[in-house]
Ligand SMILES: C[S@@+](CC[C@H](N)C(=O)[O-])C[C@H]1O[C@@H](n2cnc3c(N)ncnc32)[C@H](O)[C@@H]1O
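Below sits a lone chain in structure tokens, taken as the form predicted alone.
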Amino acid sequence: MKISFITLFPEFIKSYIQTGLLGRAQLNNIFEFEVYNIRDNAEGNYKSVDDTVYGGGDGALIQYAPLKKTLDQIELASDSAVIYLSPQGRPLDSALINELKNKKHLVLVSGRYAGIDQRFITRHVHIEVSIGDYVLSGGELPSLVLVECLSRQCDGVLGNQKSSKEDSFVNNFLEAPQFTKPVEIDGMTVPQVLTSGDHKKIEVWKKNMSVLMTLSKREDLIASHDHINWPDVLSFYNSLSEEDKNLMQIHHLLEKIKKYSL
């Protein structure tokens, strides 16, 4: 996959994509990254890329011309997707990532100041994407968040691709709690099933705990699932020790589970 960044802060982007998983993915030719500086296509001695807003308003907008000239430097294909990172965009979630991971080329446009000229969005942007209902100083962080999420769903990026299948939100469930050594610390003990070596029981435990974690922390996601076997979840919940319920902070869920079991 080829990913082209359009930004006013190329060094910020470059420093991140050269490290960690993305750096390794680039070395292994899973991703090809390009970074384009909007200011390189600005005119005048001061290389200004922004100007005041017609009709008044706080801040300034990145102008159409330098954005268009920067985009013209990029070799676009028929299936290239030009994405503008914007708080007004489509929320970034696992469904959108699954759509984007099938693209061969993404162009990620990062705004600054008060944003970019609407005419660039109208003429050249295919998708506006938001990473949340809040405003940042620019689109660089959101663009890297998008690429980081995307990379976890691309074969060969993670050492164990199974890890991405168990991530929170991949199936619109939160991930089951995880533990590492030692087995006991500060009076808290790892659930016995996880140290049993019985893979079938562990799989059942993780599946049910995923439902319980979602119900506890993000009940709004439960509505998207109509295939949950709530009697089985209730039976599983009742089989847990009080110690384990307190450890996972789910001791309060009995009435909620009963409600869904009706």
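The structure displayed is predicted, hence computed values, not measured ones. Don't overthink the numbering: it's just position in the shown sequence, from 1.
Note that the form predicted together with this ligand isn't included here; everything after this is about it.
Enquirer: Under a 4.5 Å heavy atom criterion, is Asn172 part of the interface with this ligand in the model of the complex?
Expert: Heavy-atom contact with this ligand at 4.5 Å: absent for Asn172.
Enquirer: Check whether Gln178 has any heavy atom within 4.5 Å of a heavy atom of this ligand in the model of the complex, and answer yes or no.
Expert: Although this ligand is absent here, Gln178 would stay clear of it in the model of the complex, with no heavy atoms inside 4.5 Å.
Enquirer: Considering only heavy atoms, tell me if Val107 and this ligand come within 4.5 Å of each other in the model of the complex.
Expert: No, Val107 sits far enough from this ligand in the model of the complex that none of its heavy atoms falls within 4.5 Å.
Enquirer: Hey, in the model of the complex, does Val129 get a heavy atom within 4.5 angstroms of this ligand?
Expert: Yes.
Enquirer: Pick the stretch from 98-106, 148-156, 111-119, 179-187 whose residues have a heavy atom within 4.5 Å of this ligand in the model of the complex.
Expert: So the stretch in question is 111-119.
Enquirer: For 72-97: residues with a non-hydrogen atom within 4.5 angstroms of this ligand in the model of the complex?
Expert: In sequence order, Tyr84, Leu85, Ser86, Pro87, Gln88 come within 4.5 Å of the partner.
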